[in-house]
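A single chain, nothing else alongside it, follows as structure tokens in the form predicted on its own.
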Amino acid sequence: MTIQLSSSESGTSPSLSLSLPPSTYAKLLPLSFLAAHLPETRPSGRSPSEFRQTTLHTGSLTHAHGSAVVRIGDTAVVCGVRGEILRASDTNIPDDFSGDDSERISTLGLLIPNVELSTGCNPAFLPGNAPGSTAQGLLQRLITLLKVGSVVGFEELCIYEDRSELIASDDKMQDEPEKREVRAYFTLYIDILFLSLSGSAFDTAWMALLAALKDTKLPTARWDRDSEGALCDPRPENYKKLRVQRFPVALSWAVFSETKSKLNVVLVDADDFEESCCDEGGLIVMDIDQTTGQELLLRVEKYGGGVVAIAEMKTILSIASKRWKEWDALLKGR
């Protein structure tokens, strides 16, 4: 951006040029600044369908049963998983409760996420304030997707009492069909902390959660009839790896619209500046069946505007499928 200033001295009128750096131009005229780069590239040099650099590290927290650090561009999230014992007798769930794995886990509250935005992760979040709508909104969406996505099976979290010896020693129990009875559960507390936030908040938080669950190893536990409690083997070599049965991947997108030039561009993995310039956006959560290769659409969110129609949505779905394959390769490498 250049501003021309005129002055008159000794009969001459020199022209003084004042140039502003791009960062200042972006603050003064954000919409014009973004429109000047699109539709081919963004201010960062990425194309509209290009993702920022993504990194993943697991096992970073020593005292957690599972942990992961995910970074997408300048957004960084650390997630830790800690398992605690919940006695079946302390729940109000009837023995004949029926439902699929997701309903049982949700009803018993066996997966408990928490989201915290650390001080300094973004200029919009000041220290000392109560959790805002951003953290609460992210938390509610994570809870919903944990239920819809069926990420963890119910059996993975059950602690049984082996009744085979008791049945064998009691003639009156010989006809008992069940040799194992659920007496306790593992409750997984999933703590998500944003170290830095610059766009794609839900995508990063969800992938950190998935990677931490995949990294989780729980102690081998059994129910002790004498002490009426669960006994856990403290030896790490006997820990059992938690089986994550599905890997749904989230893709956030935004639409930049400029009326004057009739510009409408769909941006995936938008950063903080790009999100502030967009009035329309959404989220797609997709999984792919690794046996059949069938694409499974688990969740679709959309807000604002009316630019994205069926044709644009098909393009976004194609990008989401590509993103799933990238994340699948990254998670399998851990």
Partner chain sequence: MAHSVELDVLPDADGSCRFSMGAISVLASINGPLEVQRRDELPEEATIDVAVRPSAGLAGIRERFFEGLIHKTLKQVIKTKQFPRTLIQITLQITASPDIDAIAGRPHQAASLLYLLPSLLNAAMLALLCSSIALSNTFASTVIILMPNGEIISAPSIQQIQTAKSIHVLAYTLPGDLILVESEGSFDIHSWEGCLITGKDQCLGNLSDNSNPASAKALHTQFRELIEARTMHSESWRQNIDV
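Numbering follows the first chain given and starts at 1. All of these numbers come straight from a predicted model, not from anything done at the bench.
Not pictured, yet referred to below: the form predicted in complex with its partner chain.
The stretch from 101-109, 225-233, 194-202, 72-80 that comes within 4.5 Å of its partner chain in the predicted bound form, counting heavy atoms only, is 101-109. The closest non-hydrogen atom of Thr144 lies within 4.5 Å of its partner chain in the predicted bound form. Among heavy atoms of Arg299, some come within 4.5 Å of its partner chain in the predicted bound form.
Interface residue remark: Lys314 is counted as part of the site for its partner chain in the predicted bound form, having a heavy atom within 4.5 Å.
For the chain shown alone, Asp289 is not a contact residue for its partner chain in the predicted bound form, no non-hydrogen atom being within 4.5 angstroms. Think of it this way: in the predicted bound form, its partner chain has a heavy atom of just one of Thr220, Gln136, Gln245, Thr119 within 4.5 Å, and the residue is Gln136. Note on contacts: among Thr55, Gln294, Ser32, Ser44, the single residue with a heavy atom within 4.5 Å of its partner chain in the predicted bound form is Gln294.
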